[in-house]
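There is one chain below, alone, in structure tokens, taken in the form predicted on its own.
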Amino acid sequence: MTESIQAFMEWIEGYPEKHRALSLQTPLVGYFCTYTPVELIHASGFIPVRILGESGPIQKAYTLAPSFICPYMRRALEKALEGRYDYLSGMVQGYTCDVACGLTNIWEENIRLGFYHTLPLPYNRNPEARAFFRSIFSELIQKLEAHGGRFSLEALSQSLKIYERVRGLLADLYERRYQGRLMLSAKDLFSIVLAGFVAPPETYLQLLEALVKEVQGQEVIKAARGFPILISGSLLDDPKTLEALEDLGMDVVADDLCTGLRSFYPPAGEGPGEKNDPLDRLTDRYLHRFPCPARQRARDRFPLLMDLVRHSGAGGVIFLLQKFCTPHLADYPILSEAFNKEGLPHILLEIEDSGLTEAQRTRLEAFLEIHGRG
């Protein structure tokens, strides 16, 4: 199992060099948000790769962006200004939170890439929203073709098949975790998901299939390893944060993270017509994907979170948010009150780019002492 995990870690730790080498053969397109239809980018002949922030100093970014935006977007801009994304051919961004979209404009003004494109996403799931999705997908296809892409419905069907297989395998790993049948730490499982944002999907699928085959040969019931918790929050791109939670005595049994469940669930969509049009399936998947607070009201997200709690056996919730993350912070009072009514303990932590602070570790120890050792 260790060697299988190492293959994913090599992508996380070495992706800049790998991307630079890949870009000599196939153009790469960056994106921030998982509402970006990566299948269309892939079907047009590009490799979609997610922009990661990671930890590190911030200097140049402060000359262009205020300090009260999330650390992830600040670090991503800093890296771009240092020339660390100059191998990208373009940037595509699904319109979710205002900061991501505002920063995309700053990138466009200051980072020279081949093209930029932002998709305005609908909030509803009615027929008009479906038609709107089709129209913005068509605009994106035209933009990609104007910059060297070659799109076809057949290519999209192939891309959907790859991404649906990838997402299905990740969903299987999560289901095994819910049932206590997965002998992977939270850090390892998170690293596996994270590698999928930076590795080409074909390569990633091969790694996942090998891992799942290995996991299927280890059908054991995991012994309880701590207080079972659900993590709900925004983007997290440092696996060590999850390792720190487990070291404190937490057992991460489920997540509602932008770099976790929300990025791959559900694995596929269904077309409403008899022809099973791949664009309809793509539209359906993005209309019905597990929602982000930037796209759905808190009162509608809460039942989904409670389903995760019940299904995974979580005994508490940690809201792990990027500092200044407005969509999540706006939802927090409503979700907090709702969890209180259910008698479910929870705690809110706002993280900077360096992971958990000593003060936050102390708060978590107190949380565990009160709620987790009864």
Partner chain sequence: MRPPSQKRLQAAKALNQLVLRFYQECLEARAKGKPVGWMPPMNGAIEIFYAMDLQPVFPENWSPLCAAFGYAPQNFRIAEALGYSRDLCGYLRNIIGYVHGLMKEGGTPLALPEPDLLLSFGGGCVPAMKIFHILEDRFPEARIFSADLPQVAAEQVQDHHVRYAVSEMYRLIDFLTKTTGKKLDYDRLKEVVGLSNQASILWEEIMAYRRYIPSPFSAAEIGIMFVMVTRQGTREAVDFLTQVRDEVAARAENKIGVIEEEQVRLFWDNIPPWYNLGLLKSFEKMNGVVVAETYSSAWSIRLEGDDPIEALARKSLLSYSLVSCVSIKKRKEMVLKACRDYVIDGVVFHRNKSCAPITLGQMDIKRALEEELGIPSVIIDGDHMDERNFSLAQFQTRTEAFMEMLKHKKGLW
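What you are looking at is a predicted structure, and each value in this text was computed from that prediction instead of being measured. Numbering follows the first chain given and starts at 1.
The form predicted in complex with the partner chain is left out here; the points below concern that form.
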**Prompt:** Any chance Glu3, Tyr178 and Ser185 all have a heavy atom within 4.5 Å of the partner chain in the predicted complex?
**Reply:** no
**Prompt:** So in the predicted complex, does Gly233 come within 4.5 Å of the partner chain, heavy atom to heavy atom?
**Reply:** no
**Request:** Tell me, yes or no, whether Thr241 is in contact with the partner chain in the predicted complex, where a contact means a heavy atom of each within 4.5 Å.
**Result:** no
**Message:** With a cut-off of 4.5 Å between heavy atoms, is Thr326 one of the residues that contacts the partner chain in the predicted complex?
**Reply:** yes
**Prompt:** With the partner left out of view, is Gly148 within 4.5 angstroms of the partner chain in the predicted complex by any non-hydrogen atom?
**Reply:** no
**Asked** Tell me which of 260-268, 206-214, 277-285, 115-123 has residues with heavy atoms within 4.5 angstroms of the partner chain in the predicted complex?
**Response** 115-123
**Complete:** Partner-free chain; cross-checking the partner chain in the predicted complex, the single residue of Tyr85, Phe197, Tyr95, Phe302 with a heavy atom within 4.5 Å is Tyr95
**Message:** Going by heavy atom distances of 4.5 angstroms or less, which of Val252, Ala80, Leu103, Met91 would be at the interface with the partner chain in the predicted complex?
**Reply:** Leu103
